[in-house]
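First, one chain by itself: the form predicted on its own, in structure tokens.
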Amino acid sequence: MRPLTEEESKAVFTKLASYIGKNLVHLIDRPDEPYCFRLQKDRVFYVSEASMRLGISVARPNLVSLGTCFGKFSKSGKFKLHITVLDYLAQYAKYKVWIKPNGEMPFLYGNHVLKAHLGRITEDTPEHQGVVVFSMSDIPLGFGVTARSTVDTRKLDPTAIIVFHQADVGEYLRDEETLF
């Protein structure tokens, strides 16, 4: 595991900031113990410094994972968040979307959120903003990007897309063979 370069850090923090905004500070400056980001085989891990020191004793080829995988760099250098980051995004999310029970299954199958499935949305959510998708009982289901702002969603028909799907908890079952 190695620290992120400046370009890699910028890509990771830019992506995270689109979902949690200024709450990004809470990931770095934690009151319990210091945490850091590390790169292993194109995957970015969020790990406590104590665990990282223990992980140094394992040879790089033998180390599979350490901490929480936040995402992966593609071959073109773009950073993509994995569903494993959902707990942190849900905790610090700036904008949230709640979907009705009849819209949960379509979202968990990998479909976009339609206006007919929309229960609530955070006020003043801008267009193309990262949002965390919750069930009506406040269970985080995944995350995505808004297709329209909050003001524009009121005028749309029920079949219009409100949130573009990025990742959901159903990926554990759908992509089981490709996760590792």
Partner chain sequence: MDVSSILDAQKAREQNVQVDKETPFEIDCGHLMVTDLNPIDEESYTENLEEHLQNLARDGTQALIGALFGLPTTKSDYGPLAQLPSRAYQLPRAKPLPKPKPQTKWEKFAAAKGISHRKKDKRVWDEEKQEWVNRWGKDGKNKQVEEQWLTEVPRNADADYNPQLAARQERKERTAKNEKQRVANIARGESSSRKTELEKTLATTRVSTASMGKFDKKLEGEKKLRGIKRKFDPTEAPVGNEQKTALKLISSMDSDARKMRKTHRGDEPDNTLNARKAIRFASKGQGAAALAGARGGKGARGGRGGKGRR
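Here the structure is a predicted model, which is why all the values come from computation and not from measurement. Residue numbers count along the first chain shown, from 1.
One more form of this protein exists, namely the form predicted in complex with the partner chain; it is left out here, but the text below deals with it.
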Joint contact, 82, 100 and 173 to the partner chain in the predicted complex, by non-hydrogen atom at 4.5 Å: no
Heavy atom contact within 4.5 Å of the partner chain in the predicted complex, the stretch among 115-123, 137-145, 150-158, 52-60: 52-60
Heavy atom of residue 38 within 4.5 Å of the partner chain in the predicted complex: yes
Residue 24: touches the partner chain in the predicted complex, heavy atom cutoff 4.5 angstroms: yes
Residue contact check: residue 64 to the partner chain in the predicted complex, 4.5 Å heavy atom: no
